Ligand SMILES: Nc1ncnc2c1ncn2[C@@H]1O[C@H](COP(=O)(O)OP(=O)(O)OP(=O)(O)O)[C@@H](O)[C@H]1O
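Presented below, as structure tokens, is a lone chain in the form predicted alone.
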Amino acid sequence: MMTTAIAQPDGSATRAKAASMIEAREVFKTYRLGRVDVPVLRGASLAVGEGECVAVLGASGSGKSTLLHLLGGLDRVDAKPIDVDAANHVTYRGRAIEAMGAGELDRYRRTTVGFVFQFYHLLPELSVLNNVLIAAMVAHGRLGYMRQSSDLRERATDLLDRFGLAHRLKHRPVELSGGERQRVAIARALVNKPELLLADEPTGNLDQTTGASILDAMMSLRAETNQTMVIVTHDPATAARADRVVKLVDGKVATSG
């Protein structure tokens, strides 16, 4: 089985334990703020193997969320600097995300990737169950959802049950605690059985005990399904739950181990 080398600052390399599912190779990203260009990623590289859980650790502004957005197709890499000899692309199972057309990229974001964000993004007018099902409706379209509604509803209910929310199916988000809202957001991200779960500070808004219980639930489900995960965090305790920790410093991978 082919493995992927990740360059280290000392010139050595570590290798992902399996063939790469998703890989960023020396990617660059700069944002324009007013008249100022703000470089965020300056040639960052990351390869994630099938079934691997990788934590991306770094301080605020180090480029963690930007890297996650590139992996998930929510943003695109910049053209590489003229004076830099770098690969500068993101690939999913060998297919460059930058080469995907609009329809293919949309399908990738809707069905291949599940996103968990720090701020939940639940729809306040929908019940807990329907907040989870909305992802399935978007992914399958109206007719596809109608054909599979029974199975999808059963999966959504099962996920919420596993996350301790079986008694909350008809509640609105405003009636939930922060930890409960994040559990709903995770169930929503998983309802379509994505191959890749991308979580951006999933416990950042929660107290330590609640955050630990959220991670327990995620890791329990991962152990059963071999879910591939990339978790962005600034918390070393959260990062320690992963198979491997990647540290971003000034837009580059400083350590990987």
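For clarity, every value in this text was computed on a predicted model and none was experimentally measured. For every residue, the number given is its place in the sequence shown, counted from 1.
Below, we refer to the form predicted in complex with the ligand, which is not included among the displayed structures.
Between the options E26, E201, E195, E52, the residue in contact with the ligand in the model of the complex by a heavy atom within 4.5 angstroms is E201. Of the stretches 202 to 210, 187 to 195, 221 to 229, 55 to 63, only 55 to 63 has residues with a heavy atom within 4.5 Å of the ligand in the model of the complex. Using a 4.5 angstroms limit between non-hydrogen atoms, Q118 touches the ligand in the model of the complex. Interface residue remark: L215 is not counted as part of the site for the ligand in the model of the complex, having no heavy atom within 4.5 Å. Scanning 225 to 241 for heavy atoms within 4.5 Å of the ligand in the model of the complex gives just one residue, H234.
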